[in-house]
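Coming up is one lone chain in structure tokens, specifically the form predicted alone.
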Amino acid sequence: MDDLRKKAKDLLESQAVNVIIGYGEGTSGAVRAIFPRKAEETDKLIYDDRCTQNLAVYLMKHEIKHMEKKGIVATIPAMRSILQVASEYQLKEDELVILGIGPDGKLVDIPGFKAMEDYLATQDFGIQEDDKAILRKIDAMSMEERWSFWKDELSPCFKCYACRAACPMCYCTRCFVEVNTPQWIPISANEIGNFEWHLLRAMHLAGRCINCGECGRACPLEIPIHLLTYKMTEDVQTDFGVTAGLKADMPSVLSTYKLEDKETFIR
């Protein structure tokens, strides 16, 4: 943690960055994002096992995005998110300084996107075993059983859109759910409307989701909506051999056609 604070302090003192996006103490033992803009404020930076939020989401926020130079405390999910949004022309390499954090919680030297790509190539991106078990259980279900499973899971959803707000890939300035001419998604919570919102969001993230799980953690009702995007990630990997967030110049899966693409996804 001392190394992290020292590097962040040096970056602000030298004016190499205008802000550091990092973790700090919140209330009741929780951790929150903090944004030191002065060198003395870096003493508030922390990093421990509680720091799970994907801070890359703040790079897409208007207040941060238009700052000239940003530093960010980047865990592996955040690094992957950065490369993914860079591949979508939303970030430029010279706008960022990466304060990389490895799985052991120690500072990692990441001088640029190429170094980040090389580092990520050595890491394991496996999802948690309990999530794997649920996905395998869903895979074994019949179509009717899957419909019943997701109907029950999604029924409490009242469309607070916390999942969208927590996702680094949901960076549109105006989401289609906010369009009312025409009305794409019913405002009120109902079975079909809930399905439409979550399935359309999952499709929007196909080939883009980096499995950080922020959407599921952000849900105030603890709906396991991250499993939908996890499943899409598996299918994209199986059908197209693509893993999101590993290259800063990766073409979009859903807007790129290759003659050798499999057609097994058409069911």
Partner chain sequence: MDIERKLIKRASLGKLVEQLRAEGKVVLAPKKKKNVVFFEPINTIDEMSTDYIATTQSPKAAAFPKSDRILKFENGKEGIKFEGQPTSVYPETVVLGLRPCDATGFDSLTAIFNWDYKDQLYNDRLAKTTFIGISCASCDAYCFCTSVKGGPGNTHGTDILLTAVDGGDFLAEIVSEKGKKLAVSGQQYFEADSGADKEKFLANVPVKFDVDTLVPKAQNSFESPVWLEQSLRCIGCGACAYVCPTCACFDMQDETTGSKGQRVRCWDSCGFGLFTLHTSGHNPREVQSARWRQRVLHKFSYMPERLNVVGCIGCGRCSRACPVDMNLSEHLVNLAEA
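Residue numbers count along the first chain shown, from 1. Computed from a predicted structure; not experimentally measured.
Keep in mind that the form predicted in complex with the partner chain is not shown, yet the notes after this line are about it.
**Student:** Out of 119-127, 162-170, 81-89, 106-114, where are the residues with a heavy atom within 4.5 Å of the partner chain in the model of the complex?
**Tutor:** Only one stretch passes the 4.5 Å heavy-atom test: 162-170.
**Student:** Since only the chain is shown here, I'm wondering whether Y58 would be in contact with the partner chain in the model of the complex (any heavy atom pair within 4.5 Å).
**Tutor:** Within the cut-off, so yes.
**Student:** Can you tell me if I64 lies within 4.5 angstroms of the partner chain in the model of the complex, counting non-hydrogen atoms only?
**Tutor:** Heavy-atom contact with the partner chain at 4.5 Å: present for I64.
**Student:** With the partner left out of view, is Y47 within 4.5 angstroms of the partner chain in the model of the complex by any non-hydrogen atom?
**Tutor:** No - in the model of the complex, heavy atoms of Y47 and the partner chain never come within 4.5 Å of each other.
**Student:** Give a yes/no on whether G102 approaches the partner chain to within 4.5 Å in the model of the complex, heavy atoms considered.
**Tutor:** No, G102 stays farther than 4.5 Å from the partner chain in the model of the complex.
**Student:** For the stretch 17-44, which residues lie within 4.5 Å of the partner chain in the model of the complex by non-hydrogen atom distance?
**Tutor:** The stretch 17-44, when checked against the partner chain in the model of the complex, contributes G26, T27, S28, A30, V31, R32, A33, F35, R37 at the 4.5 Å heavy-atom cut-off.
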